[in-house]
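Next up: just one chain, as structure tokens, the form predicted on its own.
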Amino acid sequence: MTDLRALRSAFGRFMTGVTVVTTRDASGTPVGFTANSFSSVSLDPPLLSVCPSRTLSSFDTFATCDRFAVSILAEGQEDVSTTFASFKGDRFATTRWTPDAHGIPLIGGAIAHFSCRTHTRVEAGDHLLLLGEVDSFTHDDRPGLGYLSGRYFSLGLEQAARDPGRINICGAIVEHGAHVLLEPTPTGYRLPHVQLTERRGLRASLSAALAARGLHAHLGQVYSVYNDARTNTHFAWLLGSCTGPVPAGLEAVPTTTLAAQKYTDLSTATMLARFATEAASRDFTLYLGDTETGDIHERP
């Protein structure tokens, strides 16, 4: 008998992008789901495929729809992906979107949109293979959101976050409920981090370093990338989260008190003050620059 969990893990080794597939039900209410089972099929005629699962609450709608749309998510749209993967409320109330020419929702901030007429439906085990004929589309050159082995990755930002000409430090702002895990030192708090080598990837290096300290964190989006010209050091900080006991050597500091704490350097203090403010709304930005000046970029 096939080990389904092992098979899922094996399938998950294939790196994919992340999409949101949308349509409207018989009453006109928009519905949608997150999918990485997306593929281009043909250029002539222009066909693509998605595979809604039979476990979807909206499966019957997608199994009978005449039209649907696919939005390919951009780097930084992890929150949109999560909303359409697991949120049980009105997903469209918390997500920017606009209707296409036929009223089907297109996700705001996506790097590509495809409006489709349903071409073919094929029964495929616990999924439905839904082929769409593309009758309009848009796209731009921004990087897309990636997915591998149950985790998101942002290739463009992670490439920018590594600078082989400098010392490379990668760390994480790890949330533990309403707290952030910090390392106390004689001169103030600092964030858990690792000095990168060229032999391992950014996330792999950081995950291994955190795990060695007993901290098994889920790493999310890149939050700050900056240089310190005085020490020839390049910093990259990711957002993360964890549960369970707080590992030895770390303290759980309430997020609301981060701005009042003492830190080992001004850059960390400034970054964590920004994080504390943004944590209230969960609208996290991206800082790119150096220790003196830089730009804060809104997420799509």
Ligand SMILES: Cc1cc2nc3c(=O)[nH]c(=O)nc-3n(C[C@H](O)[C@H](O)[C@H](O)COP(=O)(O)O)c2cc1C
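This one's a predicted model, so the numbers in the text were calculated from it and none came from an experiment. Residues carry their position along the shown sequence, with the first being 1.
If you look for the form predicted in complex with the ligand, you will not find it shown, but the lines that follow are about it.
- Residue-level contacts in the predicted complex: of S267, Q261, T61, T34, one residue has a heavy atom within 4.5 Å of the ligand, and it is T34.
- Though the ligand is absent from this view, in the predicted complex it lies within 4.5 Å of a heavy atom of just one residue from R91, H113, H176, R203, which is R91.
- None of 136-144, 179-187, 76-84, 211-219 except one has non-hydrogen atoms within 4.5 angstroms of the ligand in the predicted complex; the exception is 76-84.
- When contacts are judged by a 4.5 Å heavy atom cut-off, H127 counts as touching the ligand in the predicted complex.
- Of the heavy atoms in Y152, some are within 4.5 Å of the ligand in the predicted complex.
- Interface residue remark: T233 is not counted as part of the site for the ligand in the predicted complex, having no heavy atom within 4.5 Å.
- The closest non-hydrogen atom of T29 lies beyond 4.5 Å of the ligand in the predicted complex.
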